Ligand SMILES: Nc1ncnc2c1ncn2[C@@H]1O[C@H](COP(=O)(O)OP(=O)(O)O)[C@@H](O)[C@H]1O
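To begin, one chain is listed below as structure tokens, in the form predicted alone.
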């Protein structure tokens, strides 16, 4: 059953499109990854879904969650859904948490905001959540302030807040970027287990293909504010079709254990992600794409089917090496 449907979503700032006709869907209980370089529009898309766009940005298109159209809702009605049916784990917990409030109270307040229960019941739920995200002494940890916790512990608190009201969908925006490799693996394993136990759907946003592929059933590749390829994880890894996806995989696979290629140079995608007002007309990857031709001046649309690609000259379905 489809849980979230986003259709032709456009976010503009001063007439300049930041999100360009974004369309995606997430099924109930599904784990979907959204990947792309910094500047591809991943975080802006998440903020649009949460109804948290910065002031001065306009939104068009459709965001439907559990049959409810979210675009056009009042701030009050959106707030009722946000944190209840739709929750978000932010990238940097030190800025997402209130530094002047004990973490236990922040979790308890998240529960009471959407559930008509007593303070004692909310406190009991808060302690249960702290235990579920791996704190050995929940009552003791609940009395701490964010600065008294490690980065991994703060991220666990954000996960507890996201799970507080059993949401149908959790958005996780680069939830492990600020953590070291060991803690990153622990947090990802925890998030994966909890999402499975809660039967929540997950939209995991990351620039790290390895992170996404280890957790998600399906991957969406984003560039220039739109999805350029969408397929089951195995197909993205073994038979990518969009030149941008192929380039992302090449950079990921080309890095050895010491962080370098055999030639001693880090693999890169030629050029850089343009500023929002400098993306080319037509295909957004035009100018960096090795397969560019004249027709790429026209905007390609996502094809139909399980493996979808927006490219006039994609690689073959056997993988990123054929025509």
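Residue numbers count along the first chain shown, from 1. Quick caveat: nothing in here was measured; it's all calculated off a predicted structure.
From this point on, the text means the form predicted together with this ligand, which you will not see here.
Under a 4.5 angstroms non-hydrogen atom cutoff, this ligand in the predicted complex has residue 44 among its neighbouring residues. Heavy atoms of residue 57 reach within 4.5 Å of this ligand in the predicted complex, making it an interface residue. Contact check for residue 39: a non-hydrogen atom falls within 4.5 Å of this ligand in the predicted complex. The closest non-hydrogen atom of residue 18 lies within 4.5 Å of this ligand in the predicted complex. Heavy atoms closer than or equal to 4.5 Å to this ligand in the predicted complex belong, across 1 to 16, to one residue only: 13.
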